[in-house]
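Only one chain is given next, in structure tokens, and it is the form predicted on its own.
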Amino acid sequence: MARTKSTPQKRALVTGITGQDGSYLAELLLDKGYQVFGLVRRLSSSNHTNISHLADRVTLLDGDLLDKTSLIAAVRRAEPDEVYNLAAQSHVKVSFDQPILTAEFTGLGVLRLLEAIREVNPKIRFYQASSSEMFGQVQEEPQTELTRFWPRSPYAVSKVFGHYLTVNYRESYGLHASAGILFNHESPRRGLDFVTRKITDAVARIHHGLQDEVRLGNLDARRDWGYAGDYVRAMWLMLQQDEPGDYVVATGETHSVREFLDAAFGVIGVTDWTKHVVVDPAFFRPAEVHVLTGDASKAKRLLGWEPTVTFPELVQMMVRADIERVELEQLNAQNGVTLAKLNALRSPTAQAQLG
């Protein structure tokens, strides 16, 4: 699929395309006229639910952040103008259980991808998904691009490694390599093992009478929560700049897990959620990060980026989506229709055929 004068559209390669951020970014890029390639690991049971509606609009390529050769092949195949590295082992709790695997994917995976770009085409623009977890034991409030990192988990340490590699390859080889230090960002596509989605899924199931309680860890942890659809727009804006750089992407507001519970249960009219929530020590981290608050002044000033979804709107969006999903799952189970079949019927191609 060599580039020709008759096909001038921009091309992008997205790792982690099946995840929350990858799916929203793919939608954004397609809307802007890009040809989009997604890197996926060859697994026996891949979950492509988040991009099922894009199946006929994106090209999926086999590749693995553990295998530099596969990355080189994917970059050569896609011939991208831009590469967005969103793939990682991104669950903080899991990183304590699997620290070596986390370091391989989240840390060394960045190095392998940067090397693949440098070898194939150093003119490719590169985005690295850095994380607010890098600040860890925060040294100032709020956190900016200049705040000292103090990571508190193998995941965060690995992200710091990948972040500084991005800076180093920018400075050493002149790559247009930018890093987005993204604070917590959520959506109905967030994985069910993350606390926000765990809560909204539980609220939906409690609403439908399918469960009675949810077990959580530290309810006093405070985070700067935004909407993933807003945050991928910042990623794209970074790679449109003449000069690469690093940007904090955040709302500047913090809310505790307790406040998230208030808002989530409030959607279904439950004012006292304490009878549904069990604090379980098993869900506490070995080293807690108590509060994270981002200062996105640089992104607002240089990128013209602003968040558009408020905290209450975000929580309501997630709860209502999960209520609808759980209801559909029940109906589908009764009718013998799987969720995968339902998503396939929702695709633009299927709708066109039905129409």
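All values reported here derive from a predicted model rather than from experimental measurement. Start at 1 with the first residue shown and count on from there.
Just so you know, the form predicted together with a small molecule exists too; it's not on screen, but the next bit is about it.
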remark   = Partner-free chain; cross-checking the small molecule in the model of the complex, the single residue of L165, V92, A204, A234 with a heavy atom within 4.5 Å is V92
task = Could you work out which of R285, H176, R118, H208 is the residue within 4.5 angstroms of the small molecule in the model of the complex, going by heavy atoms?
result = R285
key: Contact stretch among 286-294, 318-326, 28-36, 304-312 - heavy atom within 4.5 Å of the small molecule in the model of the complex   = 286-294
inquiry  = Even though the partner isn't displayed, in the model of the complex is F135 close enough to the small molecule, meaning a heavy atom within 4.5 Å?
reply    = no
request  = Look up in the model of the complex whether P188 has a non-hydrogen atom within 4.5 angstroms of the small molecule, and give yes or no.
outcome  = no
inquiry  = Using a 4.5 angstroms cut-off on non-hydrogen atoms, would T251 count as touching the small molecule in the model of the complex?
reply    = no
task = Answer yes if any heavy atom of I268 is within 4.5 Å of a heavy atom of the small molecule in the model of the complex; otherwise answer no.
result = no
